[in-house]
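Only one chain is shown below, in structure tokens, and it's the form predicted alone.
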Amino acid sequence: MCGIFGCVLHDGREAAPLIHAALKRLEYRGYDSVGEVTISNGTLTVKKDSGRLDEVHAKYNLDDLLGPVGVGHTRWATHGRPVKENSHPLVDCKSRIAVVHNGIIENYLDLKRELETKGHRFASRTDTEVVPHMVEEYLSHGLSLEEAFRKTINRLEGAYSIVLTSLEKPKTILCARQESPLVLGLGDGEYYCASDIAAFLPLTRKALILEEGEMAILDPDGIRILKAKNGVAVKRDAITVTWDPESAKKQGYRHFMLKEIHEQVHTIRDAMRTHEIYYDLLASKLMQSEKVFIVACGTSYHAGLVGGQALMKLAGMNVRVVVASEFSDEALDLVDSKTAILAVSQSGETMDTLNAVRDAKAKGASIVSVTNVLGSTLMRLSDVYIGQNSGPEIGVAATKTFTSQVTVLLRLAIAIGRKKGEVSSKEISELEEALHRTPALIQNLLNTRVEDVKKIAESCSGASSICFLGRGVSVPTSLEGRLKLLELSYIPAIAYPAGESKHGFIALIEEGFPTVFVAPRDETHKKIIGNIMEMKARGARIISIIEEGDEEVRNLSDDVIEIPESLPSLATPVVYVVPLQLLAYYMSVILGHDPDYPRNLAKSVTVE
């Protein structure tokens, strides 16, 4: 996720101060690097660097760029670490074309190789840079800027919102989108494009929504929208935005957490887009090791539990998942040069995880990682890393972090499973195909099941305690559901493997005690029915997350939330956790708490 703002202003009006202010409003979308470009007197000028907006402005004075047309970008790195040369805008060989981009271009390596054979020189390690070079290449064949841009975006695979400005047409901005958001603003003879309405809300409340597969041309005469595939013009009426600036940042959602729950439809797709070459590198490191430790904290630990089961089941690996804070006391004696540490951390700065990694590295272990922050300490300590591509997560309670990390870890297990051949290719392909279906399933849930969750949250808001139970890979899902409820509602909550619930937890059961079962119709189904019956017989109120059509569990439950399709067991955490996230969110709101800022918690725990 990155922030983009572009503007075409009246002659004599400077774009740079407007861009700067707009980027400040968008900084929540990305803050590892910043850049601006404007055009004036036949010159395209770029100022950019790594760091937060205020730091880069203090260094370069972004406001003194000249010209009425310009584009700005605040970055959250997905390809290439956050250093100056990877910051946006990116330019072509002759610095006549500048591009900013939000998203992931899946086929950039193929395009880059093609362009390099034609003599193009690349200055960054980003996927974005193929765009200005591809446009430059088409221009060299005599195409207009508009056609060169349209042909370029039709070559791209993946998700993108792209904004381009060029000396070829110095008063024009071209933009396009596919999956990543982009909106257009209509001022008084001035025109804007941005990744969020929040960027231009102080300038205008008239907006045009650019749909997927469309491009737009902004110039002093107005805005034209075209179908990217064939260049056919699109007519669209403007809308009037009634949100206040803070609501605009949340895109109309009441809280960032709810927005981020909904964003999982897109962030899971982005997690799936990481190029196979990175999985191959990480897989090779793990396959060279005799034993693997997954170390993580909190939500990342729960994702690690799913990843550990996947690596054992699909790849037959000797894997142990350890809470990072316990690792050096519990497992360090087992670490040697034939050990691999797979560290999982959204921020890449969690102190307990870093301490475990440093201790293991000192004993000769290989370090591989999954993180959301390129340039983080964990990334720098790693021999190989994979970005989970979630974008900034503003809500303190992690949501899209969990599903993205699980997706990456499952893809890693799939890659190793294919190489080792210890399970059937059919089983691996079914899991991979199911992962591609999960965004649509989550969208279905968000469209059809939210009211069911709200009613359950209202009825449970007076509970003194709640328990979450699951079996197999649903144990980590249950643990994550319990963590979210605990963090946001402050209701004491517990989670157990369902088979262990009769050892201890069952003593707490009294009439009406809310007990949430994560009960997919997988290999654990028959056993969890027995656990449900044990709790029901003692008066528990049974709330079950089930597959649609599971009449056995439905008939035993007081409330159910149905998942609309069957999934392979290992894929279920990605979807079954979403109702639990929603339950925690609505419980928090009902009880009058702020789910974005739960008390005593921080986004990155950087103390021991």
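When you see a residue number, it is the position in the sequence shown, counting from 1. Predicted, not measured: the structure shown is a model, and the values here were computed from it.
What follows is about the form predicted in complex with a small molecule, which we do not show.
Asks: If you check 398, 282, 413, 135 against the small molecule in the predicted complex, which one has a heavy atom within 4.5 Å?
Replies: By the 4.5 Å criterion, the partner-contacting residue is 398.
Asks: Going by heavy atom distances of 4.5 angstroms or less, which of 346, 152, 515, 389 would be at the interface with the small molecule in the predicted complex?
Replies: Looking at the other structure, the residue within range turns out to be 346.
Asks: Please name which of the stretches 231 to 239, 479 to 487, 115 to 123, 507 to 515 has residues with heavy atoms lying within 4.5 Å of the small molecule in the predicted complex.
Replies: Going by heavy atoms within 4.5 Å, the stretch is 479 to 487.
Asks: Does the small molecule come within 4.5 Å of any heavy atom of residue 297 in the predicted complex?
Replies: It does: once the small molecule is placed as it appears in the predicted complex, residue 297 has a heavy atom within 4.5 Å of it.
Asks: Hey, in the predicted complex, does residue 405 get a heavy atom within 4.5 angstroms of the small molecule?
Replies: Judged by the heavy-atom cut-off of 4.5 Å, residue 405 is in contact with the small molecule in the predicted complex.
Asks: So, residue 350 and the small molecule: in the predicted complex, are they within 4.5 Å at any heavy atom pair?
Replies: Answer yes; at least one heavy atom of residue 350 falls within 4.5 Å of the small molecule in the predicted complex.
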